[in-house]
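Coming up is one lone chain in structure tokens, specifically the form predicted alone.
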């Protein structure tokens, strides 16, 4: 995929991977950014609109702004995501519902707003940031990982159904990246990538027309191995490793 002189919308560009992608891609492309928080446009190639992906009217208004500035949209990347610790001793279904509204249904809202134009054009790109772990959960992660599983399965079906429509699909599945979301739930690991490093890797893979952009490789291989373990073995390994490697101890 040639990443030059394209018009790309990035949802969730105020921090983390989305922000790093927006800044890098805007060097050679036109980038529209959309997020609830402000985003300081790095150059004249970018335009920001504030809004909430859980509100379809916000997305519709943003697309009107982008189309008024640029004749056509070449695609979008959904990088919106919220993390949430699941504490079943204080469980409230509405907490999971709100997380699903952002992580999963937010993507559907963006897709509904942009897909018709891409299908008419018969060209374009659709990218989505999910997670390296999409088939199993982790301790305290039932709500978060269920949203990622929903994203992954829906996106897989989307690719299957529209594979002959001239569109390029890519699912971005990061492992551990130093973002505000990761810091919010106190993730730590010596395998943590910076957001800039992740963005550069993603862009390289986009240029190679990759559809599964999973990283880092060693953690990807570990995740694939864990996916085939029986529950008894998986539960034992994960329980012993989480406190040691992935959660800060206060």
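All of these numbers come straight from a predicted model, not from anything done at the bench. Positions refer to the first chain, counted from 1.
Just so it is clear, the following notes concern the form predicted together with a small molecule, a form of the same protein that is not shown.
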| query | finding |
| --- | --- |
| Location of the small molecule contact in the model of the complex, chosen stretch of 219-227, 205-213, 66-74, 51-59 [non-hydrogen atom, 4.5 Å] | 51-59 |
| Sole residue of 158, 126, 149, 176 within 4.5 Å of the small molecule in the model of the complex, by heavy atom | 176 |
| Interface membership of residue 168, the small molecule in the model of the complex, 4.5 Å heavy atom rule | no |
| Close approach of residue 27 to the small molecule in the model of the complex, 4.5 Å, heavy atom | no |
| Partner contact for residue 82 in the model of the complex: the small molecule, 4.5 angstroms, heavy atom | yes |
| Residue 131: touches the small molecule in the model of the complex, heavy atom cutoff 4.5 angstroms | yes |
